[in-house]
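The data below hold one chain only, encoded as structure tokens and taken in the form predicted on its own.
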Amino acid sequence: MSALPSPLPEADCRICPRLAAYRDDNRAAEPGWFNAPVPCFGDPQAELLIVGLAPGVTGANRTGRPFTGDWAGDLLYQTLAKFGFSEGVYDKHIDDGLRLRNCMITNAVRCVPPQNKPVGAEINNCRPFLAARLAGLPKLKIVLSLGKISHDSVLRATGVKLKDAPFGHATAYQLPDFTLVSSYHCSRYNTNTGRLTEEMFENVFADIRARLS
């Protein structure tokens, strides 16, 4: 069995041609932005790993930190603070001093995709980095997947068949090495349409906090 790669792709990763070209275009238009595969953020001894979909073009792709600078991050970091998974104040930029406690955040796809929609090959190409992140957390107990793509990629990274753990909001499955909890993604679209309310999102975190207590 081949060794897993580093949890972070190279700064100018070219594995996915479409994503690399999109990064190049963004770098040309906005040279002051991060415009690279976005690293994980949080506690290396975390028991909770949160897995999102991919960086937003004006969010993490701009700031260089997952869920930082966009609506989804506003809700996520607000909720993390409420349930004791962070300290400091989230101020939408990488130098705000925010720290995560017993929690880490990553994405199933590390580079920003056009229209926020990675294709299957790009998700597959980035999965070894997700697998490496999962394997690299020695105290991992719970993975929270935000959205179906994240959920399915976590399952594939761990060798679990999708039919054995279908995605659903507030579902929880005991996998060999951790519990997989899932939620609708905390995107502006989902919150604006009422598919995900703050109460629904907080209930997921209340369940996670209870499982870790």
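The shown structure was predicted, so the numbers you read here are calculated from the model rather than taken from an experiment. In this text, residue numbers run from 1 along the sequence as written.
As for the form predicted together with uracil (URA), it is not shown, yet the points below apply to it.
- Shown alone here, residue 46 lies farther than 4.5 Å from uracil (URA) in the predicted bound form, counting heavy atoms only.
- Uracil (URA) is not drawn, but in the predicted bound form it has no heavy atom within 4.5 Å of residue 62.
- Of the heavy atoms in residue 42, none are within 4.5 Å of uracil (URA) in the predicted bound form.
- Interface residue remark: residue 152 is not counted as part of the site for uracil (URA) in the predicted bound form, having no heavy atom within 4.5 Å.
- For uracil (URA) in the predicted bound form, the listed stretch (175 to 183, 51 to 59, 29 to 37, 158 to 166) containing residues with heavy atoms inside 4.5 Å is 51 to 59.
- Residues of 190 to 213 placing a heavy atom within 4.5 Å of uracil (URA) in the predicted bound form: none.
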